[in-house]
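One chain follows as structure tokens, the form predicted on its own.
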Amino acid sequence: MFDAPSSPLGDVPVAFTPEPAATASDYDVIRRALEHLTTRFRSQPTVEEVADVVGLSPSHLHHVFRRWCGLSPKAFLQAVTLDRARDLLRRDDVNLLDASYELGLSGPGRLHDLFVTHEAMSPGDFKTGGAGLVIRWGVAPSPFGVAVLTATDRGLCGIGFADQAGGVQEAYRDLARRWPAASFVRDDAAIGPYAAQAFDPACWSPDRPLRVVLIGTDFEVTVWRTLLSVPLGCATTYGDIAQTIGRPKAARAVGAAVGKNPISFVVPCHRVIGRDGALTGYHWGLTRKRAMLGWETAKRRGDGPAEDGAVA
């Protein structure tokens, strides 16, 4: 019997649903707005222009953004500019990862962050590709579109995303290939609590951490564990990760390991950007990466009034 709702999660909702006022199309609006901004950034599009592109009035677009992340469109679009990305890297010559290790849960970026406990699969399970394991998988809503999740009886082991028709099966196959010898069972009810713990800030508590299971080479697992030390609302670089793990010349290998991260968002590979502030790549699309960084900026600011600003 699969025990996910009680053992790894504790007292969390059985299933995750967005805020009552939210709609399934909110992320689609955000996605299209960000895609337009990305392709037209040199002309600094206005909120009115973006609203016209996504087929909404400026006031309706404002309502969708506030409902989705708590920020106005202007404040959100400002939060995902290149300058803002560079700000995430400014640490007064202090290595963010080193500081995070020292601060632990007391760091300011942890105030609104997801708490995670993790373990790596045994070398035997890794070598056999998960032979004998039963892995549940399912689909749940998330702030970043439809999420596909996988879990063993020891914890969450995969998160991917789907955008269009057929995308769910594509994301599922992407996650399942990491466990080629395991048995997979569709079970949305069992997956629901994991989605709640991953995506609903109301469920983020150090007393109720989300348990995850990592499968990969020793080097990959080391990189993924290091990613867990990057606080919400901050970012790091491939070079800094390489330095932190004692492999200063392995930035390229770090990049490859980041790209293979099986538990997107929870293991925050989206918080790794280029040293110049460029977003570089993301397995589930740069628009989604930009949305995640902006959404997290809003959550770190808390629930106070949003500040409007010019779209940079």
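Everything numeric here is computed off the predicted structure, so don't read it as measured data. Definition used throughout: the rigid core is the maximal C-alpha set that superposes within 1.5 Å between two forms. Numbers follow the displayed sequence, beginning with 1.
Omitted from view is the form predicted together with the DNA, to which the following refers.
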Contact residue in the predicted complex, from Asp125, Asp153, Glu220, Asp174 (heavy atom within 4.5 Å of the DNA): Glu220
Heavy atom within 4.5 Å of the DNA in the predicted complex - residue from Phe199, Phe144, Trp137, Tyr238: Tyr238
Contact of Gly274 with the DNA in the predicted complex (heavy atom, 4.5 Å): yes
In the predicted complex, Ala253 touching the DNA (heavy atom, 4.5 Å): yes
Gly281, heavy atom within 4.5 angstroms of the DNA in the predicted complex: yes
4.5 angstroms heavy atom contact with the DNA in the predicted complex for Gly259: yes
Output flag, Arg186, Val212 and Arg225 jointly within 4.5 Å of the DNA in the predicted complex, heavy atom basis: no
Residue stretch of 68 to 76, 186 to 194, 200 to 208, 238 to 246 approaching the DNA in the predicted complex, non-hydrogen atom distance within 4.5 Å: 238 to 246
Shift of Thr217 between this form and the one not shown at or above 2 Å (CA, core fit): no
Ser183 C-alpha shift between this form and the one not shown of 2 Å or more, rigid core reference: no
